[in-house]
Ligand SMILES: C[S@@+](CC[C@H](N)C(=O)[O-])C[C@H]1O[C@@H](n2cnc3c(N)ncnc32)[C@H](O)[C@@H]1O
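Just the one chain here, the form predicted alone, laid out as structure tokens.
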């Protein structure tokens, strides 16, 4: 036995134990607003922070000790005070928007709630349906909302050739798997001459989205409950978008073909999917690969399998995305980046104009 390798592995395992623990504490810090309460403030005692945040001091004190031991906040033993360093602020507070990793760390606690179901799925292969994931829709809405606020109008839509100009004049855009419709609300407000149409299988999400649109008085926006595998268009769309929606589908090939057929000739499709390659060897170079494969096992692959689907998984990767797009009939397929959306690859493709 290589004792040095065993010792190094012991260190790694201790790191995983600490990392998993601190992930949960960071999630609590986000949900309770503790990080936000510390942002830009001078060093504070646990009593001062508890009063500022409106929380119980004993819990705040224990949380601060965890944060200090992980070097997420600075600790002054002489004054028993704690400080959130300016260098850490944007990565753990709501001010960081899509950069807020404390918000992302909520996923660890949420996924842990279905561990028993996933363990059973290892035996049966049946998967775990969406209905088993409590509060996951809230989490995804918060995560995607931060990205849309930061990048939708300035980075994502400009990735589609001619989209900004066409939408300003007047065009039809559909978003499939739109969730609570935050992206479409931003688009409908920005481009009043265009019409926007959201589709999602969740009736709850559609009701929430329509209510939000009505509150803003948006008349160029509609939401329809619809399974993506049964999606059709009464009138062709100029643009169709999907954001992190295809890899979860039970029938991704059918969904992509439906999208292709719902576009007008020359219409464009923006397919946003998790940034990954299609082989383990390539993905092992990515420092976020362990998280990606965990998310896939615990959610993305499992919900697809629960529907009797293909189970593409989170890391189905660039090569397989392009293959699926080509099989669906798309052409002019390109990959684009959005600086404010570092975890995804943006694929743009067109429905080729038919020739007489």
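Numbering follows the first chain given and starts at 1. Bear in mind that the values here come from a model prediction, so they are computed numbers and not experimental data.
There is also a form predicted in complex with this ligand; it is not shown, and the following applies to it.
- The contact with this ligand in the predicted complex, taken as any heavy atom within 4.5 Å, belongs to 140 out of 253, 140, 83, 118.
- Checking 105, 228, 157, 73 for any heavy atom within 4.5 Å of this ligand in the predicted complex turns up a single hit: 228.
- Across the options 157-165, 86-94, 243-251, 256-264, residues that bring heavy atoms within 4.5 Å of this ligand in the predicted complex belong to 243-251.
- Within 4.5 Å of any heavy atom of this ligand in the predicted complex lies no heavy atom of residue 238.
- Shown alone here, residue 271 lies farther than 4.5 Å from this ligand in the predicted complex, counting heavy atoms only.
- By the criterion of a heavy atom within 4.5 Å, residue 144 is counted among the residues contacting this ligand in the predicted complex.
- Taking non-hydrogen atoms only, residue 173 never approaches this ligand to within 4.5 angstroms in the predicted complex.
- Residues from 183-221 that approach this ligand in the predicted complex with a non-hydrogen atom closer than or equal to 4.5 Å are 200, 201, 202, in the order they occur in the chain.
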